[in-house]
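The chain below stands alone, shown as structure tokens; this is the form predicted on its own.
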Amino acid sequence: MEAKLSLKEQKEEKKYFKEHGSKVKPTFGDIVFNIINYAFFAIFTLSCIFPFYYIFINTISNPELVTKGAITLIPKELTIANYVAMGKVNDLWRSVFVTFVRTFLGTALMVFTSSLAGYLVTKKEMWHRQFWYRFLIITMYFNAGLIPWYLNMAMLGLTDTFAAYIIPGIVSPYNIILVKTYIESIPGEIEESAYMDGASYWTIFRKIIWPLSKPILATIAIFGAVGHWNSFQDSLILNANSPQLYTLQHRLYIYLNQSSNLGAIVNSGAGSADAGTLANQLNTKIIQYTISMVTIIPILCVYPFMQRYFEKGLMLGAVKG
């Protein structure tokens, strides 16, 4: 038989339950585990954030101090001259524009086609639905390789053209599967009632399925936007002979692999700034830091607004296969 608690112990237990809202008092092992767990993830989080923080404080500090390696944890002699100087590099802003348009159009088309295809493969009336769905899944596991991919793009006329950024990414099998799974979690009675009232499949998709699927659509939109924004391989391979179509990441790749100063970068492009003046203001390290922040900041600004949809959509869209 269990020993009865004394009156004092019962009061302490009730007080603990009232304060912590739990019926199980943590043991010493639980407390130690929680401390180690929180400490580990705190250190891991800091290790992920610190590189971005370190780059940022170097971009807003005095260039001379950055060159001497005097910036460690806090910025010194705050300045935005680095960003102002980089703004004078014309080919950089061209790359920003190309990447922005690519990200917007590519993500919008991918979300639309993924949502529409995901809805279609949920319909039993679709001709050979199982075959097309399995065929779609197979493409996720098999591909011909880099060289056949390039030859295919060349034969389709997708070299040295902006369409090379948009067309290959319109259909995404993984995103279609996520959308299909999410739509199947929506009560079928909603769609059936609309169909009985005379609504067509397109009307049901546009007025019912699309609004109810916002969480999963926001999730795949984040996937698509990050993928387009960070992509540089297609720019490097397909548009190597068209500098006017270089994406921001491709431009960053070029800058990071150059050992010259900003003056040489300006001279290699359509630089409107005085090369000697800019070369005195910035060195290679600061150029690398500043360009890195330019590529990172837009995604960091967008993600927090989409996070609540991202978490909900990813969890609900991954419950069933």
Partner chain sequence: MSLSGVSSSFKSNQLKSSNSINKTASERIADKIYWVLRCAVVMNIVALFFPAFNPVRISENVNKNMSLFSCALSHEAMLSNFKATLKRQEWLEPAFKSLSFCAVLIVIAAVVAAIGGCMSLGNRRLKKFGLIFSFAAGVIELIGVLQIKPIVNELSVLSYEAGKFKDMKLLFPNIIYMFIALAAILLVISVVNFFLIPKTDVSEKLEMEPRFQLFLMMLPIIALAFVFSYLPLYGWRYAFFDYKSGESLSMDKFVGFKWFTSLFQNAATKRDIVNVMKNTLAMSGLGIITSWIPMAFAVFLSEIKNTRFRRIVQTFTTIPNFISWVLVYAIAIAIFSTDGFINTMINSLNGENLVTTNYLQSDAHMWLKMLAWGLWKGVGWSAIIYIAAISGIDQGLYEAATVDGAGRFAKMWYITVPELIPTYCVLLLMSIANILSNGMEQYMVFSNAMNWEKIQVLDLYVYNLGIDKGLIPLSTVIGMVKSIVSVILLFAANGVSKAVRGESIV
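Positions refer to the first chain, counted from 1. Only a predicted model underlies this, so the values are computations on that prediction, with no experimental measurement involved.
What follows is about the form predicted together with its partner chain, which we do not show.
Chemist: Work out which of 84, 108, 101, 237 lies within 4.5 Å of its partner chain in the predicted complex, going by heavy atoms.
Modeler: Comparing distances to its partner chain in the predicted complex, the residue within 4.5 Å is 237.
Chemist: For residue 243, is any heavy atom within 4.5 Å of its partner chain in the predicted complex, or not?
Modeler: Close contact is absent here: in the predicted complex, residue 243 is far from its partner chain, nothing within 4.5 Å, heavy atoms only.
Chemist: Report whether the minimum heavy atom distance between residue 80 and its partner chain in the predicted complex is within 4.5 Å.
Modeler: No, residue 80 sits far enough from its partner chain in the predicted complex that none of its heavy atoms falls within 4.5 Å.
Chemist: Does the 4.5 Å heavy atom contact test between residue 197 and its partner chain in the predicted complex come out positive?
Modeler: Looking in the predicted complex, residue contacts with its partner chain do not include residue 197, since no heavy atom lies within 4.5 Å.
Chemist: Is residue 218 close enough to its partner chain in the predicted complex to count, meaning some heavy atom within 4.5 Å?
Modeler: Looking in the predicted complex, residue contacts with its partner chain do not include residue 218, since no heavy atom lies within 4.5 Å.
Chemist: Though the partner is not shown here, which residues of 140-167 have a heavy atom within 4.5 Å of its partner chain in the predicted complex?
Modeler: The stretch 140-167, when checked against its partner chain in the predicted complex, contributes 141, 142, 143, 144, 145, 146, 147, 148, 149, 150, 151, 152, 153, 154, 155, 156, 158, 167 at the 4.5 Å heavy-atom cut-off.
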